[in-house]
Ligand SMILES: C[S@@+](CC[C@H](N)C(=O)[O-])C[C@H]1O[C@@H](n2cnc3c(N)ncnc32)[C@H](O)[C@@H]1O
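Given as structure tokens, the chain that follows is alone and in the form predicted on its own.
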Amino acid sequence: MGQNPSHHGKTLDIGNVGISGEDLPPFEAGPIDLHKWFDSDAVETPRGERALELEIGSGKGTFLVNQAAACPQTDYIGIEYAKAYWRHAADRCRRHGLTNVRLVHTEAAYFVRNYVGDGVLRQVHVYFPDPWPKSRHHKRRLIQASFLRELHRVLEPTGAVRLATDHSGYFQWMLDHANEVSDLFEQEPFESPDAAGDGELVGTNFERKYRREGRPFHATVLRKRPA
């Protein structure tokens, strides 16, 4: 935590928002009590009673900045693998005074598998993940049946995975893999989160860039089936 190298001449300070993968405990220690990452004195509702949500691939933090401000009684954890983006997003959330955000520099599947306990997340947001369009790279795609099973484990009852992409081929891939775990999830229409502006699907940097390029968008919600 603390100050980091400059970005375009501006010193970035990740403060208490940014968490480096190097600061995580050994994965053998098991899941982390993620509620303890947040400042319990800054909110009215005790942390253990607050909803916890995860964004995978936070980029420059646009979604988290807007969503966390719109929903101050929910805690958000963002995961970003690109170190420069992670620093930028953490500094941005810190400057906005968002005490309900933590940003982790790590690999998403590794983090979920090793550090997130059973049934602790209300929602998981995955917006515009890398589509890895070449066939030989499809195995690198994040959304696969095996990972959806892992997300099912960490979601609370009736929790949801929210997916959005501009890549039609990847979207069909998402639907195909969701069908493989249809015993665990049911599909629902996508409704824009509070962070989205007028006419926006989600309100991320990538969406705004792709919208200017005239790309189509695809989205769905996978709702955890009742036990």
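One rule holds for the numbers: they count along the sequence shown, beginning at 1. Just so we're clear, the structure is a prediction, and the values are computed from it rather than from any experiment.
Here the subject shifts to the form predicted in complex with the ligand, a form of this protein not shown in this document.
- This chain is drawn without the ligand; in the model of the complex, the residue among 106, 144, 123, 114 with a heavy atom within 4.5 Å of it is 106.
- Residues placing heavy atoms within 4.5 Å of the ligand in the model of the complex fall in a single listed stretch, namely 123-131, out of 123-131, 68-76, 91-99, 153-161.
- Using a 4.5 angstroms limit between non-hydrogen atoms, residue 217 is distant from the ligand in the model of the complex.
- In the model of the complex, at least one heavy atom of residue 82 sits within 4.5 Å of the ligand.
- Interface residue remark: residue 55 is counted as part of the site for the ligand in the model of the complex, having a heavy atom within 4.5 Å.
- Taking the partner from elsewhere, residue 59 is found to have a heavy atom lying within 4.5 Å of the ligand in the model of the complex.
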